[in-house]
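Presented below, as structure tokens, is a lone chain in the form predicted alone.
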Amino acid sequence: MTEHRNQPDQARHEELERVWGNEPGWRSASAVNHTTVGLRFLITGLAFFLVGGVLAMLVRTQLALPEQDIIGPDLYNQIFTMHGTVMMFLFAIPVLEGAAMYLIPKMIGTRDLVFPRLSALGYYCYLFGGLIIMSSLVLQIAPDAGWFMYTPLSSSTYSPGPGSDFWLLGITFVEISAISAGVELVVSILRTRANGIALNKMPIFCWYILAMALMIIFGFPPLILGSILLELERAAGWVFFEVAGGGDPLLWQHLFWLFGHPEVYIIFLPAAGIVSTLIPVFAQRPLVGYRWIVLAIIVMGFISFGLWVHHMFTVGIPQLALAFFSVASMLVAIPTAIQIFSWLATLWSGKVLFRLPMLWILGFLIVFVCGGLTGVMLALVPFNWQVHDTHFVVAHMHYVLVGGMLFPLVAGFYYWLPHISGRMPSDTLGRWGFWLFFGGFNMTFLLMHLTGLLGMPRRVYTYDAEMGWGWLNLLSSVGGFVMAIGVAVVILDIALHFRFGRKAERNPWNADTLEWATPMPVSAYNFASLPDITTRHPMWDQPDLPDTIAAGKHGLPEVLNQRRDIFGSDAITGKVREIVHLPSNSWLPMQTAAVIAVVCISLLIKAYPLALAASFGVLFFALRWSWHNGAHPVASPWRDDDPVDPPLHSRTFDGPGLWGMVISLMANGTLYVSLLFGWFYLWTAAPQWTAPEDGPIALLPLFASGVLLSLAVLVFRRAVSQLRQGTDARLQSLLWLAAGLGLLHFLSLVWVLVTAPLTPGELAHDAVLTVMLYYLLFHGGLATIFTVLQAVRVRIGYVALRLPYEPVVVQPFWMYTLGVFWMSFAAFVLLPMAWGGV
């Protein structure tokens, strides 16, 4: 798209590009811009997808004929474990996160995500974590216990090598990335929409991403906790899953599937968002039942957290629970059906243009509906028992995940490709790629349903010829290679289009959403001015938007004081409330992720002193990061000409940072609740749960520690309250007093831990208590450090009455620390005493 600008406009665009653009050459690694970070997620995810695809082809080669020995059983176990791990953790979720990071700011009419450095940190954690996991494959010490790492198979007894450690530490590393993206996307969608985009005017894709991000916040912490506990059991010998010490291997399955089942919807929802975005465009009419779809998204998000046990129907749970989870598993078909009927109604009532992206959408509708039907079959307990751990389940999973995610994703690639490159893909190559992939996919997995029904178990590296599965497996393998050729054709098409593709005209699909109002290829700042949006279909209702935006006729058309500014808006109405100043390019995200990688590698090679030193390095970089905020000279120092209507966010009591803190604490709280769940589960269900007759934790010192913490919180709240009342006369002294009380609380808690006769290597009871005490110590220490920094910043002048923002952000952390302390005191100490000698 060519734009004709006058000289002042051109100068303004160049200034915007200079402030928002990336550094040239190798220094572009410090980029934090959402377009760059999103594309890096996408490219890296596609690279991992190719690795996972090669592993899948190796599996199909081995299984093509009976009694083959091309791949031995040990290597086969590593390959299928890594295939699942790569596809689920290194491809599916990161790629969808990358797509969301790229699209969301453009769809809601802003210039970047609200915490751009957090996005960059997430990317480097993903990259480094993925490389650590992949290195195990190169070293031939990859995990081999399946991508769900069931205990006791993954324990040090049955998996003594470092493979499981690579999985546990690497995946936990990667999950930092997912949580970062979740926080980033939730706050960005809720607080930085263009002026006037109320919730009921929000693009439907944003609803899907909002639900996905919230599900990440609540879905990933149980697996993070499970991974930490299992790694502690493997590395330090603490007991959580071993029956002999009072643990239970089923606890791992609960924690894993508390994450694992919502993950299916975390993958599905963004893909469904692509479908809901593309279908109205190619039907050339608004989406039928917008409000019903929003309701279905919310309901699906809630129900998905109540289905985890349907992966455990065969482990011997009570019949009442079986019935409950069976019904819940079927209920999820209702919100899914609402969406499918809405899509069909939109197509039925529109004038459908069968362009290339629509081909992949139709493929999705066929494959995903088939996967949904087999899902309902698996929700029936008797049928589930019959086909459990067979190829039927493998086929169902691929129909749901590939049908529900990969088909829409490729449709989205083709749809938004002109936005990235400014060129159109080849229709001919694209159609060849689709039909090869669609045919190969169904040939592979439709037949796999039959091999499963005939009794072929999953995860076996070979089978006898007389079982009668040979011809089905051969056809499945042929289908797999046809599918791989289809992938190659699609990749070739995308690669060639950057050089040979026809130049795209503005808004080539006649879409309705705001991302098509940006230049093509997109600029670093997205919008030269930030428009007011009063409709759900801005490009249909205001077709001159690209011109008026480029001409600077809307908000924030000029760069002020070399800052990266965007609007902060009300979460409900979308009305502008403040100007959010964003950080610029920085090496801190990469440095922080690199030091976390050192911690991870040190733990893998059991260099614990180095791991401890690197952990302090992580703390150093994190604090340095937080130091460069607010009124710091590299952020937005106080100026007499600072805007007041709307004001800068760091001059208010309710900026996006406060929202980021609260959302992060929601994830943290989920991890804590998972620990509580583990405690009560082991207490009530572990077959050999044993507790000392006398509680090992000294009651009065722990109570005294809690009193000190309570006083610290009261003092901190007093400091913030005075700020809100318009005075900062005693701010610094109150912050120092809160920090002092926090330090006393921390030291007393250390004394409780050191003097307690805990034996985490012998009893699961003591192991859980020890983890709980370390959790409290971590939060008490961190709250104290935060407060010391705030007191220092008051002294320097970065925090004051006219700069009240930062203490308000820290306050929820103190409140959370206080809440989990007294909850722990009640659940881990008082309740067992009241129950009787536990």
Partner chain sequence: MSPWSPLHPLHLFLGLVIWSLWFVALYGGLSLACEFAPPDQERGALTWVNASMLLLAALVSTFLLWSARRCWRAAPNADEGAATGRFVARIAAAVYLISGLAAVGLALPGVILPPCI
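Residue numbers count along the first chain shown, from 1. It should be emphasised that the depicted structure is a prediction, and the values quoted were computed from it without experimental measurement.
Form predicted together with its partner chain: not shown, discussed below.
Student: At 4.5 Å between heavy atoms, only one of the stretches 649 to 657, 307 to 315, 582 to 590, 620 to 628 reaches its partner chain in the predicted bound form; which one is it?
Tutor: Among the listed stretches, the partner-contacting one is 307 to 315.
Student: Is there any non-hydrogen atom of Leu320 lying within 4.5 Å of its partner chain in the predicted bound form?
Tutor: Heavy-atom contact with its partner chain at 4.5 Å: present for Leu320.
Student: Please determine whether Asn561 contacts its partner chain in the predicted bound form, using a 4.5 Å cut-off between heavy atoms.
Tutor: So Asn561 does not count as contacting its partner chain.
Student: Would you please decide whether Phe325 lies within 4.5 angstroms of its partner chain in the predicted bound form, comparing each non-hydrogen atom pair?
Tutor: Yes - in the predicted bound form, heavy atoms of Phe325 and its partner chain come within 4.5 Å of each other.
Student: Report yes if any heavy atom of Ile572 sits within 4.5 Å of a heavy atom of its partner chain in the predicted bound form; otherwise report no.
Tutor: So Ile572 counts as contacting its partner chain.
Student: Name the residue from Arg458, His537, His83, His254 that puts a heavy atom within 4.5 Å of its partner chain in the predicted bound form.
Tutor: Contact residue from the list: His254.
Student: Can you pick the one in Ala635, Val599, Val294, Leu436 that has a heavy atom within 4.5 Å of its partner chain in the predicted bound form?
Tutor: Contact with its partner chain in the predicted bound form is made by Val294 alone.
Student: Do heavy atoms from each of Thr670, Leu711 and Met823 fall within 4.5 Å of its partner chain in the predicted bound form?
Tutor: Per the other structure, none of Thr670, Leu711 and Met823 touch its partner chain.
Student: Quick one: which residues from 205 to 243 get a non-hydrogen atom within 4.5 Å of its partner chain in the predicted bound form?
Tutor: Stretch hits: a single one, Trp207.
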